[in-house]
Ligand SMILES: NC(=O)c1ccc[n+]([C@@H]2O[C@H](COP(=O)([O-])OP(=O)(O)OC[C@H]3O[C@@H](n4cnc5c(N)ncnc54)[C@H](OP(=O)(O)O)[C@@H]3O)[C@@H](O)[C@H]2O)c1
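In the block that follows, a single chain appears as structure tokens, in the form predicted alone.
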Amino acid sequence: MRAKEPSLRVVVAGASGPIGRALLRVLQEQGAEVRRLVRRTPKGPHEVVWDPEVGALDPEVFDGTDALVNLAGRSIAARRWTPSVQREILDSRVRSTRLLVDAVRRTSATPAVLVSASAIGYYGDRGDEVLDESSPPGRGFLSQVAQAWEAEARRAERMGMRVVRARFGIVLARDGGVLRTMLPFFRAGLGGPLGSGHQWWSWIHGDDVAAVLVAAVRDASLEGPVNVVSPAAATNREFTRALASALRRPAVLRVPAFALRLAGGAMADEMMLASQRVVPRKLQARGFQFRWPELEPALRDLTSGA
């Protein structure tokens, strides 16, 4: 019989998005005690109010806590990237992470681990280059954001905390993210490759994201940057074919790069047309078992009943 995992006490910031909701489900299934940081009136003792914009957070929330998971940050795709929107995207990540680390510093018992979100945007647009955790940062706005975000998280290392910088790829989930945007077009038979379609998309099923985050909390040997992607990156053209196949729809209407740039500006270049062929080297080295390592079965699962 497999030994039961020890109970955990975890504080989660940014739990309202698809990643956070998936993580909460897994933690609760495992019997963990979870406290959520929220920006509204708390609904019970399991929720604690905070406000990164004004630096409001009671450090007592971390008393007796084993782990802190930071997923906070404004959506990078909700609006066109004007200079003010870019500042909001950056500040929402830097301020929230800084507030969390500063609050932990004021506690008498520091949590053992901080698992802090980042993104594979750290690597920039790299063509066909295979990228692992040792690869240097690239260029562009998203790389700058990821580097600043991670620098704030690394401040916790000075307090003796183990810090995991979870570099998320394209997270595929039923209740949000890129699939929610793409599905209406593909269901209508209006899907197709973006630009040349040759750019690499490094993706991961939402179930595996939650499992990786729990592993990052529990595995004391896991630290530093961790690529949270499946082992089977796909080109955008391959992704398009797999999604169309899962929905049993055609996908032949290629969207020209100039049209994407016209609609999305710099966001199109960095989010839709950029190429990042990322591998989860650290997870593979530790024998992490992906539930959904291949794209087509993952998409079939996520679109079943669609």
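On a predicted model such as this, the values are computed, not experimentally measured, just so you know. The numbering used is simple: start at 1 and walk along the sequence shown.
Keep in mind that the form predicted together with the named molecule is not shown, yet the notes after this line are about it.
With respect to the named molecule in the model of the complex, the three residues Pro59, Leu99 and Arg154 uniformly fall beyond 4.5 angstroms at the level of their nearest heavy atom. Note on the partner interface in the model of the complex: the residue among Val11, Ile19, Leu283, Ala298 having a heavy atom within 4.5 angstroms of the named molecule is Ile19.
For the residues Ser143, Ser135, Asn236, Ser118, the 4.5 Å heavy atom test against the named molecule in the model of the complex is passed only by Ser118. Though the partner is left out of this view, Ser92 does reach within 4.5 Å of the named molecule in the model of the complex, counting heavy atoms only. Within this chain, His46 is remote from the site of the named molecule in the model of the complex, having no heavy atom within 4.5 Å. The shortest heavy atom separation between Arg187 and the named molecule in the model of the complex exceeds 4.5 Å. Using a 4.5 Å cutoff between non-hydrogen atoms, Gly73 counts as a contact of the named molecule in the model of the complex.
Residues placing heavy atoms within 4.5 Å of the named molecule in the model of the complex fall in a single listed stretch, namely 166-174, out of 106-114, 189-197, 166-174, 214-222.
Residues from 136-155 that approach the named molecule in the model of the complex with a non-hydrogen atom within 4.5 Å are limited to Trp149.
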